[in-house]
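In the block that follows, a single chain appears as structure tokens, in the form predicted on its own.
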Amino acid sequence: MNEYLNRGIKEIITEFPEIDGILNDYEISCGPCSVGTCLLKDIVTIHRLTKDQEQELMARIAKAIHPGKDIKIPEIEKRTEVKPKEFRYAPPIKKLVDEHVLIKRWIGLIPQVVDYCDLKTEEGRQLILDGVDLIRSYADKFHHAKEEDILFKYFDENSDIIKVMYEDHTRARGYVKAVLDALDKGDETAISENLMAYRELLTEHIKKEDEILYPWMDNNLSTIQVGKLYSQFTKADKEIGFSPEKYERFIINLEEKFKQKEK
């Protein structure tokens, strides 16, 4: 089994498809990941499993790889012992989690935006522009920038889990650019497809950060680092050049508009 601990999870799933279902039983969703280069040992380490869960998971994976054989389960060293689903974030990490709330409200509205959008009207075009502004200014410049320019610098940016996050950010920006290109061409179908693709990507991305990446990072930040991180986040927010409340009002107004239309 030791040789498989240092192999990429997507490679292992390709060879042993049953393992994808096993990981899903522990709410570890590696199958949909666009990168999939995380090593098996890292997958186990960062997903906040208890010792018993880790041993149980590894036993099931060993059985899938070596059916009918009695395989010794290797010990995987963890830096911090944690309990699953008990997320008590330090203040700077909690700030990022809280920022996700507004982004999730926006992506929750995307299906209605797509249905409502009429590019023949100024109101319809402005709705798309306002949505893109929220993504580029709030989600990207305000939120993702703190991750890429500050938080990720405290860790090995070449680690697979952080590379996955960078890849997600890059793909998201590509979808947004495609939305604007489609708006210029008056292509409602392309706008719909790219907004829905953005929604699917960000839904999974936020889940990975809130439930996997952030807790893992939080557990490995020292008290001094937490304080420094909080100061850096505060400074970055002050220098951003716009008020996040603008986007909160946009979402509130949009939610109210769609609620009225449902009546």
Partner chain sequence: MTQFEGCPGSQAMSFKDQDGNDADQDVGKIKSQLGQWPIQMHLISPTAPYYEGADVLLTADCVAYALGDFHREFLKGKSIAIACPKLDAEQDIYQEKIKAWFDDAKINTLTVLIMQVPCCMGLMNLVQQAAQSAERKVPTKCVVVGVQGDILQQEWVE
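All of these numbers come straight from a predicted model, not from anything done at the bench. Numbering follows the first chain given and starts at 1.
One more form of this protein, predicted together with the partner chain, exists but is not displayed; see below.
Q: Counting only non-hydrogen atoms and a 4.5 Å threshold, tell me whether 24, 28 and 207 all contact the partner chain in the model of the complex.
A: No: no residue has a heavy atom within 4.5 Å of the partner.
Q: Please tell me whether any heavy atom belonging to residue 120 falls inside 4.5 Å of a heavy atom of the partner chain, as the geometry stands in the model of the complex.
A: No, no contact at 4.5 Å.
Q: Would residue 226 count as touching the partner chain in the model of the complex under a 4.5 Å heavy atom rule?
A: Although the partner chain is absent here, residue 226 would touch it in the model of the complex, with heavy atoms inside 4.5 Å.
Q: Would residue 233 sit within 4.5 Å of the partner chain in the model of the complex, counting heavy atoms only?
A: Because no heavy atom of residue 233 falls inside 4.5 Å of the partner chain in the model of the complex, the answer is no.
Q: May I ask you to state whether residue 116 is within 4.5 Å of the partner chain in the model of the complex, using heavy atom distances?
A: The answer is no: residue 116 has no heavy atom within 4.5 Å of the partner chain.
Q: Just one of 89-97, 160-168, 180-188, 141-149 has residues with a heavy atom within 4.5 Å of the partner chain in the model of the complex, so point it out.
A: Comparing against the partner chain in the model of the complex, the contact stretch is 89-97.
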